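Only one chain is shown below, in structure tokens, and it's the form predicted on its own.
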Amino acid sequence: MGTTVRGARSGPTGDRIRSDLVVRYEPGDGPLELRIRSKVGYLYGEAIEAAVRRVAEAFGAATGVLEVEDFGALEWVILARVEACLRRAGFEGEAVLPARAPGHDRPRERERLRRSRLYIPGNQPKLMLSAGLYGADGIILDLEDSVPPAEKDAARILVRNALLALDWGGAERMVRVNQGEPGLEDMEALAPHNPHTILLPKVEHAQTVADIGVFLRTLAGDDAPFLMPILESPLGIHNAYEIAAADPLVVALTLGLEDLSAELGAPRTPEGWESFLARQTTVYAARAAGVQPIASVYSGIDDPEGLEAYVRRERALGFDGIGCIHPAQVPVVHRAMAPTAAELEKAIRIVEAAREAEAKGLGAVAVGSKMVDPPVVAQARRTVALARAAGMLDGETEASDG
């Protein structure tokens, strides 16, 4: 091995660790010694040791001391933490991947509901374990702002294993990567493991998106993940349409109001007037490019009334969904995104009229005495889809929508 082996550590710090483990490696001349401590060692000690040895053998760690302190970690976490420690120690080898969970190969969908996307820090497996239970339309495993710089290498390995080992149900599997070279390393590690959509932070130029599109196709070919650029600066807003239209992999466009407000020198207000132009520009750019506009997160996790008002306001501007930073926000978002009874009744009439026109081979759709244009029909279909997701339609009405 051409590199110098050194002492290394991976895993969380603190006194209240759960569903995780701490791994330490110290170089030595003698045969590799494993020191494993676990409160559930009497049940799972042999399985923990076997997982640790598999990674050690894959990375050629045959000498020294490998110490593991387990706090109820599942195998995919054990494999990730040991790999991160050995890589930090200077070892090189092929990753030992966890067993695939049911649904790990669920295909991505370009046209789907994106009412809510729930951010989960990419360095906290304890939060990933239950992420699929909250009913969010998308789960974002975050490698950017929520992960300290010193932990980004280990978080990348954890997120890779989580994509394989956890059942996310019907949620869109999303990852927010880092900027620049670290982001390319994120995508190189993750693209082969079926992330449905990659969120690109702080995008300012269309060429950035185009280059990443080419890069992802070299990694995953026709299975390359979709892209959701995030606009977080005045320059990004200025180039919004070009960014949204930069590559066919783009399925949605969103914005980050915290960073944008900081660059504007305008603190965020409940009314949002300081970002009105940016938000409206995002919607116009996304619709012009044929992708979904997605609103920024709402930071008040203990303010459901404010969140509901925020979602209704953003929906009125044309946004299809928002970001969530706490699971409790998800049902509030879904409730606020649901159409009113009057909106749904009108949408159903339009959708049924469109179906009748299609069945008769007619190019024009009439609702009563009024002709309806294709964009209105498309919006009506989105309204019906929102109502169905919110449980507002019975079986008979659902059947009428085909």
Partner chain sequence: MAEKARLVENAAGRLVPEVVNGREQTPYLGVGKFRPEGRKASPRIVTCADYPEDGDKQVPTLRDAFEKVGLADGMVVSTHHHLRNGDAVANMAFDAAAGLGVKDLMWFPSASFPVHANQLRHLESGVIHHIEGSMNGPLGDYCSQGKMRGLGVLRSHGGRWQAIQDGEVHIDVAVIAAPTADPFGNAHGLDGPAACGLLGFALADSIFAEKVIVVTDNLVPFPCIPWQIQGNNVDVVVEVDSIGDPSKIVSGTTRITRSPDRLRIAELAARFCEAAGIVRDGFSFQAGAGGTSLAFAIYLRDIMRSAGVTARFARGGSNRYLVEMLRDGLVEYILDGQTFDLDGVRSMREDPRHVNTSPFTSYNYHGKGNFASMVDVVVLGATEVDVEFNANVVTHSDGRLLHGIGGWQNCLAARTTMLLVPSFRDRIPVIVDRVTTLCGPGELIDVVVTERGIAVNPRRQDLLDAVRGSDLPVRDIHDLKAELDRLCGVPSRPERSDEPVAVVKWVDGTVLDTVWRVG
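All values reported here derive from a predicted model rather than from experimental measurement. Numbering follows the first chain given and starts at 1.
Only in words, not in the display: the form predicted in complex with the partner chain, which the text now covers.
Can you say which of 23 to 31, 53 to 61, 40 to 48, 343 to 351 gets within 4.5 Å of the partner chain in the model of the complex, counting heavy atoms only?
One stretch meets the cut-off, namely 40 to 48.
Report the residue, out of 221, 148, 102, 265, that has at least one non-hydrogen atom within 4.5 angstroms of the partner chain in the model of the complex.
Of 221, 148, 102, 265, the residue with a heavy atom within 4.5 Å of the partner chain in the model of the complex is 102.
Using heavy atoms only and a 4.5 Å cut-off, determine which of 71, 91, 241, 226 is in contact with the partner chain in the model of the complex.
After the contact test, the surviving option is 71.
Even though the partner chain is not shown here, does it sit in the model of the complex so that 12, 157 and 185 each have a heavy atom within 4.5 Å?
No, none of the three is in contact.
Taking heavy atoms only, is residue 78 within 4.5 angstroms of the partner chain in the model of the complex?
Residue-level check for residue 78: yes, a contact with the partner chain.
Just to confirm, residue 130 within 4.5 Å of the partner chain in the model of the complex by heavy atoms?
Within the cut-off, so yes.
How about residue 297 - does it come within 4.5 Å of the partner chain in the model of the complex, if we only consider non-hydrogen atoms?
No, residue 297 sits far enough from the partner chain in the model of the complex that none of its heavy atoms falls within 4.5 Å.
Please check if residue 305 has a heavy atom lying within 4.5 Å of any heavy atom of the partner chain in the model of the complex.
Residue 305: no, not in contact with the partner chain in the model of the complex.
What are the residues of 300 to 334, in order along the chain, with a heavy atom within 4.5 Å of the partner chain in the model of the complex?
In sequence order, 301, 302, 326, 327 come within 4.5 Å of the partner.
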